[in-house]
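In structure tokens, one chain follows: the form predicted on its own.
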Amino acid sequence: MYRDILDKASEGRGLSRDEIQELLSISGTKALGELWETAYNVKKEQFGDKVFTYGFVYFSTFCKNNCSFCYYRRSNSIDRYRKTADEIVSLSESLQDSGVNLVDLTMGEDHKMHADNCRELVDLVRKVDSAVSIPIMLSPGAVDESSFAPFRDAGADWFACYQETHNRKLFAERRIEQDYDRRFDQRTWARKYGMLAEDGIMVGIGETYADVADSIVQMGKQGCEQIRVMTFVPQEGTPMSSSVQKSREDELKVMAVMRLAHPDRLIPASLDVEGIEGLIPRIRAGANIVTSIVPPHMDLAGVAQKDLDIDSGRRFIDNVIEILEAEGCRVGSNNEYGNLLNTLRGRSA
């Protein structure tokens, strides 16, 4: 019975792969409500009322990949941009001044930034690190192992690279012509060279509950300090443009099970899928990070939703803080976030 599994999780006794899959199979208002309530209580036990915030700088929308789900796939005829180093530094400073706890430097797999062992990207990280005092997350796609020590030395605290699915066949269908093992190794290499690592999966791309259970187990085994789930949003100009988007319920269910399976991990509530309207349901499902906070009127795009709630200012930090405080949460301080990262580094040492 699912209730016994929830009780086991709430007592911190861990979950087996089969128990994870059983929780993912839950349906019905009462059962789902119990799942989300348990996940929220586990989150509060681990992290209290604190929620941390990540500013998002999607600085290059050029990409060499042709993923079947992504608006920015190389074959899509869209307008693209590549921010200058000065612009990126200025945006990072602005986000720090606004009060976020981290700057997330995100890009497509831009051949220009990947050239010469990511030399230009390493230099960019160094410039941002010199300009801000908050941690930096780097999300550059899959790179060679030789780039990781330079990223760390330049000031990157986190490295994010999402597998999307740990089903190799589905991976090949969605991340077309990409190397599963090379992408998987990104988080291993990040942790090997002293950075914290984030993995993520997507729901609504053809996965089964068994696939999701395998991913949740695998992300735990790899030791990723931050794990996430996001709902696939059909994108114009892609092979999956006519797909039907899954309901919010599926993502919230996976998020809650992630929290119960890995109670001490950081789990983001992304504003990139539903905008600000989706924030509180994700917090109530066990998330303790708000990601994809984007300043308005800076010509920055989102990933899953390139312009949702951005220029209206609804995805900026002031609005996020107001909503979180109304929910009884508070944004953690930079000192609290720094202490948390030190704790995470100690566990991975």
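Start at 1 and count along the sequence shown; that's the residue number. Remember, predicted model here, so these are calculated numbers, not experimental data.
Omitted from view is the form predicted in complex with S-adenosylmethionine, to which the following refers.
- The single contact residue among 58, 36, 47, 52, judged by any heavy atom lying within 4.5 Å of S-adenosylmethionine in the model of the complex, is 58.
- 108 is the sole member of 278, 108, 135, 263 with a non-hydrogen atom within 4.5 Å of S-adenosylmethionine in the model of the complex.
- Although the partner is absent here, residue 267 sits far enough away that none of its heavy atoms falls within 4.5 Å of S-adenosylmethionine in the model of the complex.
- The closest non-hydrogen atom of residue 164 lies within 4.5 Å of S-adenosylmethionine in the model of the complex.
- In the model of the complex, at least one heavy atom of residue 175 sits within 4.5 Å of a heavy atom of S-adenosylmethionine.
- Taking the partner from elsewhere, residue 69 is found to have a heavy atom lying within 4.5 Å of S-adenosylmethionine in the model of the complex.
- If you check S-adenosylmethionine in the model of the complex, you find a heavy atom from every one of 139, 183 and 232 within 4.5 Å.
- Between 147-155, 82-90, 224-232, 207-215, the stretch whose residues reach within 4.5 angstroms of S-adenosylmethionine in the model of the complex through a non-hydrogen atom is 224-232.
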